[in-house]
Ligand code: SAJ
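Shown next as structure tokens: one chain only, the form predicted alone.
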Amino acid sequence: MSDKLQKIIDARGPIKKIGVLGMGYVGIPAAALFADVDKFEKVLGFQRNSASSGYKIDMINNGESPLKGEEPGLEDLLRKVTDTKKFECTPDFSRITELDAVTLAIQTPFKNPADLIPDFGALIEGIRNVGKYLKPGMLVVLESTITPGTTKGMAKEILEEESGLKAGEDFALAHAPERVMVGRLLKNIQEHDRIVGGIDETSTKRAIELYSPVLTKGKIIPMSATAAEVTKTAENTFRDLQIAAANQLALYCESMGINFYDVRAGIDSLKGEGITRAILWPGAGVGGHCLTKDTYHLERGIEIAGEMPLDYPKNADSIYILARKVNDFMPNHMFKLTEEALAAADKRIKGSKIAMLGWAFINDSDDARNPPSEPYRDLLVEAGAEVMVHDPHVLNYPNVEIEKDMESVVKDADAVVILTGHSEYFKLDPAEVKALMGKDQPVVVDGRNVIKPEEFIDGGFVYRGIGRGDIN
């Protein structure tokens, strides 16, 4: 612990003014919740006034959420904290000088997962902006998912270079990774336990002061900055591994001609003291900003944060990387199911009209980051299919036309393929869908176990579904 830093913090007093860099799925709800805390006086949300995202500034300041899809309570909370002037969105980064604490919630994608090199460009720009206006006694917290070793490595170096101050002596530095899922952002921030890892005890203590007032059910779990980085990347890696296990089992069930969902129910029924058989659901693929890359962050952490050689079976593949490959394969399997179903109706992919239902990677959301629907569509187009896409929440996507009218997408289609479990797809009526398609043997391929196969088969459809070896 640095006595110098603690004395500076004591002289500055409690955290009153907070800044949040990055007005996206993490930054917006986090900033709104900070602003709703009585002990905090002011929250500034920092957003570049760029051509692609500058529109968010006016929307947020008018109490409107730029996030689409269902986010319970978010817009009401935004309206409340902007009306009371406790929350303001600004493109003026010089106002960082007004603050006691700054958090960074900026995306950290990979340029190319094959080489495990993250694209920290936007995050580095944000860190430099903070460093330029950093004052003694301030707290800086990285919420972005990062490669283990980044906080006390690259981030610390940039902040010290830009500010002329020293982390752990002149300012506090910590990592407190976000743990949210679209569709329940506010709930997750308030109710999930918060991992807080400072580069020293003083930094951890100051970060705990920042996050504690926001929590309702969740508790603070303190640890080192590197341990916090590993916790975040590992929890997403484990979820990806669990999904891959379900996907592989579904492929096994298809091969053996049995119903995955019967097997899953049997596995899940084994309960009792000391018994854990957590099994997730298979599907058309894994998308999103986190699960598709965090495995590689964790793997690269061995290089960045490793202090001794890794002891691991010689020449053995990482089970985490193998899980990634399984999940990345599922859009290819969806293509194979589509091809088989069309063949059963005496058709080929080439020249067929395919109606894709769902572009977002998660149900009832507009989050279309790294969607498995994209590689699936690419395979169809490459094979010569005519493809139309429906999604009720995604407004636009680069180089892909997304329709809001489902009837126009399904009309005259040879195959309807479900890629996302949006609520309205659960209501699909076989007779109505068949009438729209106008085919004697229409095809339906279900990648999310949305429809009841028997009803569609009885209605004259050729059906294929992930894990449904009993019917496929």
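The first residue of the shown sequence is 1; numbering continues from there. Everything quoted here is computed from the prediction, not taken from an experiment.
As for the form predicted together with the named molecule, it is not shown, yet the points below apply to it.
With the partner omitted here, the residue from L159, V180, I199, V387 that has a non-hydrogen atom within 4.5 angstroms of the named molecule in the model of the complex is V180.
Note on the partner interface in the model of the complex: the residue among G358, G287, P148, G126 having a heavy atom within 4.5 angstroms of the named molecule is G287.
Taken together, the three residues V433, A435 and D446 lack any non-hydrogen atom within 4.5 angstroms of the named molecule in the model of the complex.
When the named molecule is considered in the model of the complex, T108 lies well away from it, no heavy atom lying within 4.5 Å. Residue contact check for I117: none of its heavy atoms lie within 4.5 Å of the named molecule in the model of the complex. Proximity of R239 to the named molecule in the model of the complex falls within the 4.5 Å heavy atom cutoff. Contact check for D294: a heavy atom falls within 4.5 Å of the named molecule in the model of the complex. Contact annotation: the named molecule lies within 4.5 Å of heavy atoms from the stretch 274-282 in the model of the complex, the single such stretch among 274-282, 203-211, 299-307, 254-262. Taking the named molecule as it sits in the model of the complex, the stretch 230-253 comes within 4.5 angstroms of it through a non-hydrogen atom at K232, E235, N236, R239, I243.
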